[in-house]
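Coming up is one lone chain in structure tokens, specifically the form predicted on its own.
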Amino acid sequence: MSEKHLSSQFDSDLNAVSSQLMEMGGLIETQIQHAIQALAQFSIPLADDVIHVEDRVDALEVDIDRALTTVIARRQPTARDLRLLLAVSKITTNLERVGDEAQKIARRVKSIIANGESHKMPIGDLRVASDLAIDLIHRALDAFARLDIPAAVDILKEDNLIDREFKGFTRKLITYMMEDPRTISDSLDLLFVAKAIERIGDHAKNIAEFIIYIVKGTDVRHSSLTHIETITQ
């Protein structure tokens, strides 16, 4: 993060926490990518890798929360710096939940493979939404590292693209289930996968909102995009 603070020790503490946060973000990006690859390749080993990484993600969340508590207790940050620390805590929570969604995808992949009918399902249709989700998370982390308001606003503008893909995919699955009841089990698994991808996009949006909160000091959650654009110009 590029902004300087009055206390050099505070800067040092914040940089250490930020490094942990970016490490967590890197692990989560890999989790999502491997979860989607596991689905595309029907790979149980890749799905298992995603599930096993979750312990490391959870440990990082605990470490970051502990570090933030220590910084607040020792440095007694000003209102602006306290806002920054609280936002980092919220971003950490959202990243951990992204990891949870990746793990859910991996578990559904294993269920689909176990059913043995996966080759008949429209798995490839999830590629657009999953690529969007991976890209939004990557950009959200990059925007956080640079406290980049325009980049954060762009993420908010694009979140609805994943929502559209989810709705279209849901309609297709309903058609599959109506035409062939034997696809119901796999269709429900894929519906859960699609929903997990949509939620990953929602968490990227949340991170973008907290970046705006850090820089502008305004809580833009539940605000319209028009209002957000007005206060960030």
Partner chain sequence: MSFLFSRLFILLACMGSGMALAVSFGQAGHTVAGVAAGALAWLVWDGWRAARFAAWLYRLQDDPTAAPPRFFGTRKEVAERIQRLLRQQARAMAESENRLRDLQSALQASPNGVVILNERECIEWCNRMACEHFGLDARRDLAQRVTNLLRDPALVACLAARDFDEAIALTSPASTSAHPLRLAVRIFPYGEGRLFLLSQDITVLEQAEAMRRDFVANVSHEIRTPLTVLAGFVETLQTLPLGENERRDYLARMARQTARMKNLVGDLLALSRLEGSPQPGLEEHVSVRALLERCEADARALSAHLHGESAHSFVFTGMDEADEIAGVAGELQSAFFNLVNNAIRYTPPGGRIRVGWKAGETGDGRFFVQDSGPGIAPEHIPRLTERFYRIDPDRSRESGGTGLGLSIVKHILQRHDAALQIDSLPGQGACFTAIFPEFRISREKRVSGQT
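Please read these numbers as outputs of a predicted model, since none were measured by experiment. Residue numbers count along the first chain shown, from 1.
Missing here is the form predicted in complex with its partner chain; even so, the following discussion is about that form.
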Please state whether all three residues A87, K205 and T218 have a non-hydrogen atom within 4.5 angstroms of its partner chain in the predicted bound form.
-> no
According to a 4.5 angstroms non-hydrogen atom cut-off, is D11 in contact with its partner chain in the predicted bound form?
-> no
Does any heavy atom of D142 come within 4.5 Å of a heavy atom of its partner chain in the predicted bound form?
-> yes
Heavy atoms within 4.5 Å of its partner chain in the predicted bound form: does D131 have any?
-> yes
So in the predicted bound form, does any heavy atom of S19 sit within 4.5 Å of its partner chain?
-> yes
Heavy atom contact within 4.5 Å of its partner chain in the predicted bound form, the stretch among 29 to 37, 197 to 205, 179 to 187, 161 to 169 = 29 to 37
Answer with one of R75, H138, R97, K157: the residue that has a non-hydrogen atom within 4.5 Å of its partner chain in the predicted bound form.
-> H138
